[in-house]
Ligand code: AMP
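What follows is one chain in structure tokens, specifically the form predicted on its own.
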């Protein structure tokens, strides 16, 4: 039986980033990991531009109070200036427009007064500058301030979030090399299981692990493929697991991994040539947890049938593997220390991960243990966004004590 850290190390030893692919920058690429550095193809902005509506001026001309300048042209965003600003001159300019040659500052429209009488002779007229503290580069975004041609704007291993989409568009990218989302097959086992749309009869129960693990796969960065329910039949179980290995990077099997008469999964995996690296982990919930590798490198996880056990096993071992396959540098699980909102008193024979809810209060973040009755209690797990990590043995702590917390 392996400790949690040793079991995770064994999983990660066999997890390798998937072969990269070129992905179009559509919503389906959101969350993928960039596989190469991306350079800028040009300066941004490609010219010095105005940051305010107003007038482009020479700051030296505005040193005297109420300076009056001749307006030589109007420059809207999207147009190029045609006039050079000389002594005593200005251009009417709008936010985002290129700065004309000769101008080194923008005076906001609110700090000016148009001289209406000057319009009688035609042209653009004159403007009085009421801002007496105009400085060079005032309200001007210099060329290349955001990025310069050739600069790396996004590094390999960057997660494609919405801002990254915008940056890629700004350097002309519509497709980039990324690590694909891992393909994950999800299989539930047990003759007692029926799907959610079926009313259980006799000793039957509805299949909760299938939908739950499918959803966890999506949240963990995988593409799920639900294989259904394998009843307690060797040939059916073998066929479905074999299908999962052939089409997926990871196979998740819920139930059938212990030592009971109908726990067929270990024998099926042996016949399929899957090398089993461990079958038990010293953890609660989730002691009967199997991990193996198929001959083609597919990762195979046998998770416990109890839903809370399967949930915890996924978060501690499967999700980190998915992150490595998907190109992430840090596998997790993400663990921090937080104060508990109430005292805890428990005695456990194994390291235990119990459901909890993080809360933000006036003094910062804390974590609240949730009422929970153990491995079969999926309802008690549902409100949680964290797991409090408790060591084996007796745990006695008061409110405010710092505890290790796995963030979900």
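In this text the structure is predicted, and so the values were computed from the model without any measurement. Numbering follows the first chain given and starts at 1.
Note that the form predicted in complex with the named molecule isn't included here; everything after this is about it.
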Of 279, 206, 328, 282, which residue is found within 4.5 angstroms of the named molecule in the model of the complex when only non-hydrogen atoms are counted? 206
Please identify the residue among 305, 100, 244, 292 with any heavy atom within 4.5 Å of the named molecule in the model of the complex. 305
May I ask you to check whether residue 164 falls inside a 4.5 Å heavy atom distance of the named molecule in the model of the complex? no
Please run the contact check for residue 255 against the named molecule in the model of the complex: heavy atoms, 4.5 angstroms, yes or no? yes
Evaluate residue 189 for contact with the named molecule in the model of the complex, applying a 4.5 angstroms cut-off between non-hydrogen atoms, and reply yes or no. yes
Any chance residue 193 has a heavy atom within 4.5 Å of the named molecule in the model of the complex? yes
Per-stretch contact check against the named molecule in the model of the complex, the hit in 312 to 320, 87 to 95, 271 to 279, 181 to 189 (non-hydrogen atom, 4.5 angstroms): 181 to 189
